[in-house]
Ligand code: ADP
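The chain below stands alone, shown as structure tokens; this is the form predicted alone.
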């Protein structure tokens, strides 16, 4: 593959593969697969070991296994009702018989012939006297396409099955194998004992054995971390070459003197970091990361005031109208008292007010615009935009940040996130940003008492809620599901059904309301306003309250099926209460008796420290939570697992930093340079 054409054969449309027509190509597109590179880079999410064959007599109900058996009778086709056909037959080996049933696959009646030997792979059902399988995978004995080997399991979508994906992957690899460029320098590969790229791709998709799979995954994980580190370093260097809007280094005393409280040491450090960045030659790109209630907004306020002293305007973008309003109510009284004029701009702003705000932003009379995506509208123009602040970074894609930044001349960027992330992980996720941690809470902040109980406690919990509501408090109840569906297990309470049941059967004299992500934004905002105003006693919700408004009167967070949430998510939800002067509580209900779940919930009852919880989450669950919610625009990790690969991460970073030191622009490594450019092409222009 030439360095000037890094795509080569990889840019070939997947429809060039035999068996991929228009419909299948469209389905693959939903998985992000349109060409051969995307196909062979679509890695398995898991593997099934189908190498061992079990005797029918040794099958245990509930286990998945391979069985080699002979068809004992001719299959029978039954039409049960319209839309339901069954093909049934029996197969035997030397130990016992196995009853097999296939639903709605009537053509299989002619596939299985008495006396022919097949291998079946599926979940054993029935009892020790009569075993059966329903819809098992099968192939003729000796074929070894889908049994007798380690099989990759891929994430799927409608119209894409494992079998078709396996066939397409085989053809895709065969077409690309000779074109795979090894982006890792030879000395790096040798030093860290990494296999060749062709071996890695072959064995991550079609592993010869356990060791081959381990070697392949290690190589691909290292490459991902190496390329990501190199790309982030190059982004950082590129930012350093862009001229920013330097602020005058004025004392912060007028701002700090106007505060009705003292900043914590952690807040002061974050403010100092921010001010230092804003006075530098290049634009600031800083993440201020702190627990719920740690005072990130005051750091943003300091930055906004500081920018105003150099005649620069600021824009603060929040993910919802109600959060934007909350920021306005917090910041406007403080900043306007210091001569910084503020305006709120959302989709609900009346047309006449909006016109006035737009005029004053363009003329420079308004210094701070606080709003939602409305700040991105083409008609919103600034006289001299110098600072962009975004709240809850993972709610905004990099393109939205860039659209706001494009309204100024390389403005400074301050990102606020209440999702505590271990420092090592933060360096990977936010490698293009400088990170300030606010790792202490302001004095007087309520500790939330947390309890983990099983569902047998519901009657006592409801009595406790009634007592607190009688004292004037309010409560959140969070469920892991939204819609009612016949397929949902009964114990997983749908939000609307649960709210309805509570209203009718438990709290008929109180006001109980549901809220969930499928509601329209205006409907959600209206419910949150009613809850904030105290006219709703109990809010039954999905995780839409995870990042939400301050309701100082809410004193209980009850989380049903707590095992369905990650630790960091549970901590975020818990942070919705304890925001006022009232004693607050978090109750985690779970009937899951697994040791992992017990450990996780024990962490929640033991500590309120978000960073400690995030470290535990990383150990127990891996980085899925952190990366899953990220819309940062950086290349995602497809193979590397940071819980297992932390040592590999350090090795990859060390190797990348050595290369950058020796070849800052990667001019001596054109193929590597081209690959990084390809990976980051959607993002490079979107970051300062």
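Numbering follows the first chain given and starts at 1. What you see is a predicted model, and the numbers here were worked out from it, not measured in a lab.
The same protein also has a form predicted together with adenosine-5'-diphosphate (ADP), omitted here; what follows describes it.
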Option touching adenosine-5'-diphosphate (ADP), based on a heavy atom within 4.5 Å in the predicted complex, out of 294, 367, 584, 274: 294
If the cut-off is 4.5 angstroms on heavy atoms, which of these, 384, 246, 445, 130, is the one near adenosine-5'-diphosphate (ADP) in the predicted complex? 445
adenosine-5'-diphosphate (ADP) contact at residue 105 in the predicted complex, heavy atom, 4.5 Å: no
Is the gap between residue 263 and adenosine-5'-diphosphate (ADP) in the predicted complex 4.5 Å or less for some heavy atom pair? yes
Contact label in the predicted complex: residue 267 to adenosine-5'-diphosphate (ADP), heavy atom within 4.5 Å: yes
Any non-hydrogen atom of residue 516 within 4.5 angstroms of adenosine-5'-diphosphate (ADP) in the predicted complex: no
Proximity to adenosine-5'-diphosphate (ADP) in the predicted complex (heavy atom, within 4.5 Å), stretch among 111-119, 294-302, 274-282, 564-572: 294-302
Could you run down 569-584 and flag each residue that has a heavy atom within 4.5 Å of adenosine-5'-diphosphate (ADP) in the predicted complex? 579
